[in-house]
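In structure tokens, the next block holds one chain alone, the form predicted on its own.
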């Protein structure tokens, strides 16, 4: 790994500003044409993907000067990957990866943010990225669930930090468990033995802490003989599915998001949503389930020497198109009485909820501003509710709704499925 491997990529940036907007062919209105929250909020080129590429290019050539402004640019980014997929609509270059590596470099050299340091201190102490209240497995009390670390199960349900410790989110974990029980899935949980996936630590630039958590998880999974992990957290999905694979830790482990699993159970006839809900909803694509949830590609070739940026064999780029998009939409469409209306920015060009990249902790005002923009877009569809598939999205969007006194409702997709069953 390392930032230097992307010097050719960042040097290629031609300052076309494609990273700031959804591709022109997909633009439906001026109001919802931006794809990058950072450039949209701060309106200075350095806060865009291309601007960060220019900074990295100059830093690799002349050395990095860690001024307060430099670090403000580095940490005011949700790491949502939108700049990369818009760039890669036409270009063959890496953009998100060098931005990730810049974060990692800053942390390695001690140029961190105090709020992120506080979060990582909690992770080191408790194995969670959120304040700990009670025990990790408290949400499962009374459900009589199997302990996947002691009993043979086909599926491990990884709950995640936020859902485990935020009592308002316990409803998601309980609904997921009840849905799996109804479908007669042989699953279990790790309960109090579960630990953070490490995904959010990676987003913040803490590579060592991420790897520690990843290795702990994979050690537990291998010891228990688990072959399939299902999670209802988009951050957890991205960590297990993509990041563990990137660092060659995943092996043969099958990783599914709960929307993929429920969609499969419905199509196999093991779940049958029957109750009509009579709702008009719009769907929000979580960044790490959608564009960043695309499988990792292990490239084994090499760059051909010379002026042109050419690889042998040709390098395949992750363009965000192979994320999880259809399963959640198919689930919504399977529920009687529910009508789905799409927002303008969807799938790989969806606008971020604001919670990622540590921004939720380091600059909550920016996180709320980002969520508010999404709420405005959802309201413009005429829908009465916005549905997502990640607890972080539900919390951030709910806070924006409350602050803006909106009448829009927010649901996680498992809540709708539970109601329909």
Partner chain sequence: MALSKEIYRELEDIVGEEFICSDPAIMPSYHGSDLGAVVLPENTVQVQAIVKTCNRYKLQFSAVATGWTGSFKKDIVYIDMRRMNRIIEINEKNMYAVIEPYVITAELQAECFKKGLHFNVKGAGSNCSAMLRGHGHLDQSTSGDDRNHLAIEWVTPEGEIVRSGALGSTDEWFCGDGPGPSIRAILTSAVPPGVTPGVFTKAAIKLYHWAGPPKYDIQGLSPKYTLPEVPKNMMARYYSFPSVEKMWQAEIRLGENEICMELMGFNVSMVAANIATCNEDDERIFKRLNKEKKGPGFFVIIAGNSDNDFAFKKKALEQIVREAEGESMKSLEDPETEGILIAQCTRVTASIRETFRAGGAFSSIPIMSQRDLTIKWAIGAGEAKLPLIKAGHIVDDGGAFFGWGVEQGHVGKTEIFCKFDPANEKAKAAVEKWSKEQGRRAFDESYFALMMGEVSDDIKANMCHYDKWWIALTRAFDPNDVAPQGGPLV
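Please read all numbers here as calculations on a predicted model, not as lab measurements. Positions refer to the first chain, counted from 1.
FYI, the form predicted together with the partner chain isn't displayed, but the following is about it.
Using a 4.5 angstroms limit between non-hydrogen atoms, residue 58 touches the partner chain in the predicted bound form. Taking the partner from the other structure, the partner chain in the predicted bound form has a heavy atom within 4.5 Å of a heavy atom of residue 33. When the partner chain is considered in the predicted bound form, residue 306 lines it closely, a heavy atom lying within 4.5 Å. Contact annotation: residue 92 falls within 4.5 Å of the partner chain in the predicted bound form, judged by heavy atom distances. 310 is the sole member of 297, 143, 276, 310 with a non-hydrogen atom within 4.5 Å of the partner chain in the predicted bound form.
Candidate site formed by 41, 45 and 65: every one of these residues places a non-hydrogen atom within 4.5 angstroms of the partner chain in the predicted bound form. Residues of just one listed stretch (353 to 361, 23 to 31, 370 to 378, 383 to 391) have heavy atoms within 4.5 Å of the partner chain in the predicted bound form: 23 to 31. Contacts between 63 to 85 and the partner chain, taken as any heavy atom within 4.5 Å in the predicted bound form, involve 65, 67, 69, 70, 73, 85.
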